Structures are given as structure tokens and as C-alpha cells.
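One chain comes next, on its own, written as C-alpha cells: the form predicted alone.
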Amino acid sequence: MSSESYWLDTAPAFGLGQAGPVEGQVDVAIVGGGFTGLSAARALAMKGARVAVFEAGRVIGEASGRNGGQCNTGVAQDYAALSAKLGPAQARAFYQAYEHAVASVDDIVRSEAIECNYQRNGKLKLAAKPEHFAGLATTYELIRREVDADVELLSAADVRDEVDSDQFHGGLLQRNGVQMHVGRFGVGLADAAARKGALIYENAAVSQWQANAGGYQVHTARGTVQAGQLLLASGASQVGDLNWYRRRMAPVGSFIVVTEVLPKEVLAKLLPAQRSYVTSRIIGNYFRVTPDNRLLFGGRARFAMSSPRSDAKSGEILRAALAQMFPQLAKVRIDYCWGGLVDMTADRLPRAGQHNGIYHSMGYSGHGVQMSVHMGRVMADVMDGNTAANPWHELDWPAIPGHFGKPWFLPLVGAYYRLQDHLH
């Protein structure tokens, strides 16, 4: 069993990175070579800016290449709760931001001709309890009336036709969702940014920066560069001087297993529509079929940081959950098991804008595949003077109480959520 991400293990190599030292001047320096940073670099380069991206490891080596591969419409919170809290107009605007995010991915895949097994299958949220179905029904009526007519409420019988498991009591189908091989997409995005003129440096961790008359002097593991503007696209990174941002996000581990290649007839019975699936529990699961006919199955599993030991423990929990949901797969081999960090904000909404003159976009809270790509493009517009392009610009971002950079509270949060899953 490999501890590498399936997406990274099966992606092509990125061959357009910069081989020489980091030096000279650029218009924009971007910290982080994931989807946000690469998308921003491509967009800024298309505007004529000289851009350099600095990645501590390999491009898309962290969250962008270690996720569940789901790219869908839908806010991270329950839409009905969000509408009640913020009002229908604001909830509608946030929902539409996710619609625009899926469209951004679609536009880049098509305009750059990225080969990434791209297909539009939609997302099905599965009710794990009868009372969860009642909640999905309320959400369905509200979404259909206020913002998205292309949704469908499925009964338990309908869901059984979609998912060969007896665990679910109905579901909410949102059709504006796509699937792709995120590793191939990420390398294709990096290639596209480099072809547009962006300089991409791997193994170039940014240790610190200082403001000066010309902008910022940025120090990396491969040298120093002078930049007019600085964009932090670092997500839940634990590398560098990012404590102000770390105090505002909880780096929650998300863990994934991928099975051996399964016979097509097994998958045709198991998941005939081959959508993206997510369960309604707080500590739930998500799953989908990979391009080479494996089942990817993930979830929080444990509220802990990702590490080799933590990933292995979480893999055993996921293996058991997979066998419980699909007893017919209880004896299949697991070929991949890995973990990654989700940059979770307290309200599960992204944050983007400026702090002390430095731009940032992060906090995607488990919906980063589409939102990171979209926000990279948005931040290119914001840095070019169009601040209104940012859908999150009015959100404040206070520190999480008691959080000083190390997420000591994760086991407590996990225990609380398990209790909520048991009670509700």
C-alpha cells in the first residue's frame, strides 16, 4: 500500500520549473504553488505582469494534490442555515461564487486543453439519517426557489438506484459539479502558467519577507527576490512566517484510501452514475470513482494533523467505514492511503483580501478544488485594482479564540462533532 497521494503518484512530471537561483525583480511574488498560486500566476501573466511562484516542495504537492477530487457547486455550510444567518441575498451571492468557481475550472480546462479526465457528473449529498433527509428537503426547496433550479431531491428508493448501499434515506442532487484527475489538472495548470511567462520555483520555501520602498524583499530557500506585490496562497501550510493566518484557520486532517482497480461491472452496479458523493454526517465520508476504475473513499476519520502514523490510523478507520457502507467491497485491496490538511475557517467560508498590504486567499474549508482555482483568477483582478471582484471582501477574520498557531484543540473538536453526529 502506497502512502503517496494517488493523484500525485499518477500525475505527469512538471518540467517547466526554474532551475536557477531566485534573484532579481518581479511585479508579483506568490507564496504557494497550489491551485490558488498557479491560477493567479497564469492570470497575472496574461495581464502582462512578471510573476514568480515559490513553492516549498513540488507544485500541487500539498492540498491541491491530496484532496478527494470533488469540484462542485455548494457552500460548505448548509444553505438554509447560511440564508437564515446572513440573509437570502448574501447567501445567494456566496452560492453563486461557488457556481462561478466551477465555471472557472471548466474555462481553464477547455482554454488550455488540459488532459485531466474531465467530466460533468454532479454531486449527490446522501442523508445518513431520516432526520437528515428532512433537512435536505428544506435546503432543496430553498435552493430551488432562490438560487439554483437545477437541483433534485431523491427519495431513499431513488438513492438506492444510484448507490448500492442500504445506509441512506434520500439525497440532494446538484448537477453543476465536475470530476477530474486533480494531479493532471494541477500540472496542466502549472504548465499553462509557465507558458504564459510565470516563473515557477519548486523547493523554494519562503522563510520571511520585509516591506521596503519598492514593495517587498522576499527570502526563499533558493535566494532573494524583490517584488512589487506579494500574494500568500499558502493554505494550511506549516512552513514560514504565517502565524497571523494560522491563528485564523484550523489545519484539520482529511484522509483518503483508494482501492485496487475494480471490475467495470462491479462499479456499474455499485455507483452507476459515478457522481461525486458526500454523506450528511459532520464526520462523514466522501467518495468517487477514479479514471482508472478504483474507488476513492475519504473523510475526516480522526481530528488530527496528517503524518505517516496518523494517516495509517485513519486509513484503518476508513477501511472499516468503506466495508460497512459497501459490504461487497470488504475484501478488496487498498492500494493508496494518505492524508492532507484542510484550511478550515471558523464559519467555513473562504477569506481573501489584504492584511498589512499583503494579499491573501485561503480558508477554503474543504471546497478548495474549485474555489482555489477561481480565487486565483479573482485575486489577479483584485491586485490589478478591481477590489469588488472579491466575493469575500466584506467578511472580517478574527482569530480563533485560544488558537495561537498550534491546533491543540482538534481532539476536543472531534469529540464534540462525534457527539453531535450521535445526537442529531
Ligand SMILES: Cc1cc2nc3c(=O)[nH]c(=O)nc-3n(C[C@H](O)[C@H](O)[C@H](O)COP(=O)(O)OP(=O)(O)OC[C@H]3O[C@@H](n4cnc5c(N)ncnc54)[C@H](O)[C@@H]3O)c2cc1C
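All values reported here derive from a predicted model rather than from experimental measurement. Residue indices: 1-based, along the sequence shown.
Absent from the display: the form predicted in complex with this ligand. The rest refers to it.
**Student:** Counting any heavy atom within 4.5 Å as contact, can you tell me which stretch out of 150 to 158, 265 to 273, 339 to 347, 320 to 328 lines this ligand in the model of the complex?
**Tutor:** Stretch 339 to 347 is the one.
**Student:** Does Y79 reach this ligand in the model of the complex, with heavy atoms at most 4.5 Å apart?
**Tutor:** Output for Y79 is no: heavy atoms all beyond 4.5 Å of this ligand.
**Student:** Even though this ligand is not shown here, does A63 get within 4.5 Å of it in the model of the complex, heavy atoms only?
**Tutor:** Result yes; A63 sits at the interface with this ligand in the model of the complex.
**Student:** Report yes if any heavy atom of S237 sits within 4.5 Å of a heavy atom of this ligand in the model of the complex; otherwise report no.
**Tutor:** Judged by the heavy-atom cut-off of 4.5 Å, S237 is in contact with this ligand in the model of the complex.
**Student:** Can you tell me whether A205 touches this ligand? I mean in the model of the complex, with a 4.5 angstroms heavy atom cut-off.
**Tutor:** So A205 counts as contacting this ligand.
**Student:** Taking this ligand in the model of the complex, would F185, A192 and F297 all count as contacting it (heavy atom within 4.5 Å)?
**Tutor:** No, because F185, A192 and F297 lack any heavy atom that approaches this ligand to within 4.5 Å in the model of the complex.
**Student:** Quick one: which residues from 361 to 383 get a non-hydrogen atom within 4.5 Å of this ligand in the model of the complex?
**Tutor:** If the 4.5 Å heavy-atom criterion is applied to this ligand in the model of the complex, 361 to 383 yields Y364, G366, H367, G368, V369, Q370, S372.
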